[in-house]
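Presented as structure tokens, the chain that follows is alone, the form predicted on its own.
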Amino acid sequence: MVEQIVAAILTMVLGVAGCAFYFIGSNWLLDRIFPFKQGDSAVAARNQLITAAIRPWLFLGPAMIALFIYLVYPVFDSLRLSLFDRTGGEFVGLSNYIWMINDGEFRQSMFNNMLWLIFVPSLSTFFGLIIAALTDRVWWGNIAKSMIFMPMAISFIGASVIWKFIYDFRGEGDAQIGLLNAVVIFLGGSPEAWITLDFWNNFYLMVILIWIQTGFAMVILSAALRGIPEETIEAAVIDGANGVQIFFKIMIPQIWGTIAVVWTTITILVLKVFDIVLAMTNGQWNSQVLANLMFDWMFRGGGDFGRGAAIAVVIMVLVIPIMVWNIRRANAEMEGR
């Protein structure tokens, strides 16, 4: 444990020092290559223009290189691999995509992903909006917001471990340590192995992501609600509108763009959901999703790079339109349109 902490601290220190050395050193070297000589104003002006054009790229360059290596290149390589066999050596054309269409597990994964897409973004946004509106009206609202936002600080694996204890099931005759089963027994019911129940286990897993993302939605929507002019609310009150009418007819229409951005942001996350399913069920009991299926084909059972890459391409194709719309909507919001 101590060694891991020391290694993490050392990594951060070296990383920060390395960045500082790069930026200071690269700017120093640029100024030495294109100096501003006092005696020759024409050369100085030319060098100043050159350095002004190059200097931004000294800052952007490392990020652009990292984006190319870790984002752009993998996209094109995944497209290439999806057209080859399991080893990536023999060209098979669209065979991997034809396999996907006919594969029952892939269709099950698509169905499960659709369930996640329907319920998780909608419920996270809904709960976040309701909580944001309610907590703005009480003196302890900031405390409540902090508690609700806290799950955002937990990794998906950490959250899954927490909820695994909540859903825990022990055999007949053993003491039940799972919180949900303890409540069921207290109410006179029988304990269940919740995450093994076909179809319904998808919803038990969704609860984890909703629990995490509600805090994100709440923070963004709370800021949007506070941006509504007080004059609008006061005018509605004078006209005789009650709290429900003000909320649905005044507040929501004015922050509808923000609601859409929050909803689509969570939607993109849902399309890539992997950690929760891996930690809770590993795709068993018909709880498989696309990202976990891709991981299985790519890295397990001998590894099939062709089929794994084909599933990755499907995920990318599903994410891109939502991501593009989300960026355009966010830009429109920033421009006040």
Partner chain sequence: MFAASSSRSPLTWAVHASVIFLVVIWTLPTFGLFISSIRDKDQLAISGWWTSLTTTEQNRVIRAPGPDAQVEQNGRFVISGDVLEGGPGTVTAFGFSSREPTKYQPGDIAILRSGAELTVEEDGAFSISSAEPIEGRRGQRVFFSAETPPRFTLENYRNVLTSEGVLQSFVNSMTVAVPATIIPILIAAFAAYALAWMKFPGRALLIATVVGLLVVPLQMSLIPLLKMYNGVGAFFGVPAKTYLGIWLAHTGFGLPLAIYLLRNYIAGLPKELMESARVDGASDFDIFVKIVLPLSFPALASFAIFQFLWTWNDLLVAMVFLGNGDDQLVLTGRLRELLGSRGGNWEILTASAFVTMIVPLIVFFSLQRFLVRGLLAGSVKGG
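Numbering follows the first chain given and starts at 1. Not measured: the values here are computed from a predicted model.
Another form, the form predicted together with the partner chain, is not on view; read the next lines as being about it.
Of the residues M110, L197, A182, L117, which one places a heavy atom within 4.5 Å of the partner chain in the model of the complex? It is A182 that has a heavy atom within 4.5 Å of the partner.
Considering the partner chain in the model of the complex, which of S122, T135, S95, T232 comes within 4.5 Å of it through any heavy atom? It is T135.
Does V219 make contact with the partner chain in the model of the complex, using a 4.5 Å heavy atom cut-off? Yes, V219 sits close enough to the partner chain in the model of the complex that at least one of its heavy atoms falls within 4.5 Å.
Within 4.5 Å, heavy atoms only: does E105 come near the partner chain in the model of the complex? Close contact is absent here: in the model of the complex, E105 is far from the partner chain, nothing within 4.5 Å, heavy atoms only.
4.5 Å heavy atom contact, W285 to the partner chain in the model of the complex: Looking in the model of the complex, residue contacts with the partner chain do not include W285, since no heavy atom lies within 4.5 Å.
4.5 angstroms heavy atom contact with the partner chain in the model of the complex for P253: No.
Partner contacts for 56-78, taking the partner chain in the model of the complex and a 4.5 Å heavy atom cut-off: If the 4.5 Å heavy-atom criterion is applied to the partner chain in the model of the complex, 56-78 yields P56, W57, F59, L60, P62, A63, M64, A66, L67, I69, Y70, L71, V72, Y73, P74, V75, D77, S78.
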